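For reference, the chain that follows is the form predicted on its own, supplied as structure tokens.
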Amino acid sequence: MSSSVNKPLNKSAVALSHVVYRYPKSKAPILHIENWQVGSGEHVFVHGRSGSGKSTLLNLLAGILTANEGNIHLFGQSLLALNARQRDAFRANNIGMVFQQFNLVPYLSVLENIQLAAHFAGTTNEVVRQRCHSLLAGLSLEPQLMNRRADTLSVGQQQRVAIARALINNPRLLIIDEPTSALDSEAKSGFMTMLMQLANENETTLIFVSHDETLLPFFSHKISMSELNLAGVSYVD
């Protein structure tokens, strides 16, 4: 089932209309999405080959990039109506992101990495510590790992810490970019089962981007970039 393009705006977590993004000084768009909506609480798998615009789409949704044309609404809020500082605050309070490379600060502890994300949302350290214990337990990580440096963890542990960091502020939208590329099939299955369980428990809207179509069975909603992106370009994103 594809994510719908016909839901009313106020029932949508994500709504894109006539969105165009192009590189500076370039006339040709690298991303052109006419209309796309994701309902609140839906889990959507966005798939496509390398160069299809997946990462550009995620950066637009997170407010890291700004569309040249059109508008993006998240939970009814227009990103275009926010200035850079307001977008940063909105992102911290509403969006959790997990990147392919995890982007943990290597010399900081697990707890410090998670506290850093919570800081931008104004969450106190005491609340973070309490929630961190719960998240780590749910992610099958031992509590003593909180004081370990991020660069001493295994790839699988780093991945789980990245998820905990993304969830620490109880985001309404979770954006995940190619998180399973370094995992074998058994670890991949375990990761996906755990992720979907957490998303369901927290009623989190999930946009999961990957080229790995073996993950499709985990999702009831899916859409390909070739269907979504009308620009029809190929580049390394």
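Each residue number is its position in the shown sequence, starting from 1. Predicted model, so just to flag it, every value in this text is computed and none were measured.
Separately, the form predicted together with ligand ADP exists; it is not shown, and the next lines address it.
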Go through 174, 198, 62, 30 and name the one with a heavy atom inside 4.5 Å of ligand ADP in the predicted complex.
30
Does the trio 68, 73 and 90 actually contact ligand ADP in the predicted complex, every residue with a heavy atom within 4.5 Å?
no
Of 184 to 192, 165 to 173, 52 to 60, 199 to 207, the segment with heavy atoms within 4.5 Å of ligand ADP in the predicted complex is residues 52 to 60
Is there a heavy atom of residue 218 no more than 4.5 Å from a heavy atom of ligand ADP in the predicted complex?
no
